[in-house]
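Just one chain follows, in the form predicted alone, and it is written as structure tokens.
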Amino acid sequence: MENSLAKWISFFRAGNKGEDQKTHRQEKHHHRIGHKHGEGSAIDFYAYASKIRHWNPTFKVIFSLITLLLVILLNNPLVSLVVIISMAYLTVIKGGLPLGAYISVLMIPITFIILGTIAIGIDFSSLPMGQFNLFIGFGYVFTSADKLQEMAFLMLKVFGAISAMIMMTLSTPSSEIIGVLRKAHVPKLIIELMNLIYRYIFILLDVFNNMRNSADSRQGYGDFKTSCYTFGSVASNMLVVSLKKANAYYTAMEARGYEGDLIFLEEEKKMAVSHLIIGAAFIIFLILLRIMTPWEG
């Protein structure tokens, strides 16, 4: 009897140990860099997990803005290509962000870039025109080498500008970016609205996810008609819940001494001289590259 009892105890201990190990593995998977609950929260998560987060936020914001302006003003495909590669290097190699996560963040702007620039490179006509044309039954789809080149250069230009901003957002938490804007003397009303709206977005996302999961568990998206009805119900409930939560959070702010000024604790990060030198050298290199290459986007 004692031997049987000992065997059952050891069996359950082994099972619990296995469950603990499984839970531990799940928690490690949950907290690794590739995890995300949505694009907005994922970007903020990546920013806090970035290895270059300790860089001075003012430097990162100014460097990104200057790079963006140079991509637009210099209007050179080589400059755009260098910026795309450099920003990817800073984000993925220096920042430690997985390449797959970086590509997933870029997929939305890349889609809009492709859809927006196709109209420049490809056109329709009732007559055959251009160097390349294809009859599609009711007309011709045509293009030319110049149009395709213009489309490619514009894609590089827009993608280069977006890469500079994505480098900033994936390495600098939103609170630090807002802090830089505060130091730049952006009106206080705009700063406070940015803080409140940004934080409230994730509250509403969490509420929406709960509502969607609840509706999905009740077959609320079984067919098109039911999905439309569920969408309308979730949208109306979101409005009511958002108003209730707004009142509740404003009451909580007043209870904690809110008198019209939102004050957040900000970490002071020293400006590294090496970063200034490398940043200035990179900007000078882009200008020289534009001077030495005659191409224009």
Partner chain sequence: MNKSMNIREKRFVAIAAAIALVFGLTPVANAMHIMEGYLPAGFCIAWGAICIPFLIAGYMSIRKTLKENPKTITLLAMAGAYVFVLSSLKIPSVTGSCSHMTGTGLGAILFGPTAVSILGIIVLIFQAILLAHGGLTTLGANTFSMAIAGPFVTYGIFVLCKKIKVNKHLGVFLAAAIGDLFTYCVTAFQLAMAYPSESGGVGVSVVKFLLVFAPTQLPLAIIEGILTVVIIIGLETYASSELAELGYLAGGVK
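Owing to the predicted nature of the structure, the values given are computational and were not obtained by experimental measurement. Numbering follows the first chain given and starts at 1.
Just so you know, the form predicted together with its partner chain exists too; it's not on screen, but the next bit is about it.
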Discussion item. Please determine whether residue 147 contacts its partner chain in the predicted bound form, using a 4.5 Å cut-off between heavy atoms.
Written reply: yes
Worksheet item: Does its partner chain come within 4.5 Å of any heavy atom of residue 235 in the predicted bound form?
Response: yes
Discussion item. Under a 4.5 Å heavy atom criterion, is residue 98 part of the interface with its partner chain in the predicted bound form?
Written reply: no
Worksheet item: Would residue 242 count as touching its partner chain in the predicted bound form under a 4.5 Å heavy atom rule?
Response: yes
Discussion item. Using a 4.5 Å heavy atom cut-off, which residue among 152, 82, 120, 92 comes into contact with its partner chain in the predicted bound form?
Written reply: 120
Worksheet item: Even though the chain is shown alone, can you say which residues of 190-206 have a heavy atom within 4.5 Å of its partner chain in the predicted bound form?
Response: 190, 192, 193, 194, 196, 197, 198, 200, 201, 204, 205
